[in-house]
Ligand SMILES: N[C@@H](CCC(=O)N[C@@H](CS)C(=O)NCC(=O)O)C(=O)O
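Read the single chain below, which is given as structure tokens and is the form predicted alone.
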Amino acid sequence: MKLYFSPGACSLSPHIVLREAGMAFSLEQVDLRSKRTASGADYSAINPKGYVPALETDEGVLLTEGPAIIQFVADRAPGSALAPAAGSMARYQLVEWLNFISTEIHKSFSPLFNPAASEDMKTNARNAINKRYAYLEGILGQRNYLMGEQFSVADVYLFVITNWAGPVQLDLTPYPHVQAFQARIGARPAVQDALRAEGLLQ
């Protein structure tokens, strides 16, 4: 399998999950401005959406969208226990978390990275994100992981998106349980390996 990524982007989530699952894969870095890959390929021809992640499976199928990719990887490595069994109520709860992170947190960060966004837009985005982290603070004050005491792909996704708080100067000090969660996930060997591979950790 080949994962197309950009350092520190949301593609870090499937990168970590691939390592957690112990699966064989290669990496191809993408310059999101020029839409060229490290090998010189036109990324727009590979993924017309133009953004990462994209996973080329062993069957030659291209999967895009992080939440879909991480569930695919988890299902290919059931022994890793990264996702509950398909069809179980716990699996639908996982999907619930992935949708919450994707729509309520991930996309809310977009204006904070956009130089064309107005200050009002950025203020509204920060307010929305803070409401979501206030909710997560209550959840993570009661358990170690989003799904309870079982680490899952949802924790990886939340960790990656929450890592963006630093670059956009979003203060997480009001959320000590969220900060403890970040430290807990960040200390995992697979996470450290992925961060190192993307040049985000010495």
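Predicted model only: the values in this text are computed from it and were never measured. Throughout, we count residues from 1 along the sequence that is shown.
In what follows, reference is made to the form predicted in complex with the ligand, a form of this protein that is not presented.
Colleague: Exactly one of Gly166, Pro176, Gly50, Gly148 has a non-hydrogen atom within 4.5 Å of the ligand in the model of the complex; which residue is it?
Modeller: The residue in contact is Gly50.
Colleague: Which of Ile185, Ala194, Ala21, Cys10 has a heavy atom within 4.5 Å of the ligand in the model of the complex?
Modeller: None of the other options qualify; the answer is Cys10.
Colleague: Going by a heavy atom distance of 4.5 Å, is Ile46 a contact of the ligand in the model of the complex?
Modeller: Heavy-atom contact with the ligand at 4.5 Å: absent for Ile46.
Colleague: At the 4.5 Å heavy atom threshold, is Lys35 in contact with the ligand in the model of the complex?
Modeller: Residue-level check for Lys35: yes, a contact with the ligand.
Colleague: Please check if Glu65 has a heavy atom lying within 4.5 Å of any heavy atom of the ligand in the model of the complex.
Modeller: Flag for Glu65 set to yes.
Colleague: Mark Lys131 yes when one of its heavy atoms lies within 4.5 Å of a heavy atom of the ligand in the model of the complex, and no otherwise.
Modeller: Lys131: no, not in contact with the ligand in the model of the complex.
Colleague: Given that the partner is absent here, state which listed stretch (27-35, 148-156, 168-176, 134-142) has heavy atoms within 4.5 Å of the ligand in the model of the complex.
Modeller: It is 27-35 that comes within 4.5 Å of the partner.
Colleague: Determine the residues of 89-116 with a heavy atom within 4.5 Å of the ligand in the model of the complex and present them in sequence order; the list may be empty.
Modeller: Sequence-ordered list: His106, Lys107.
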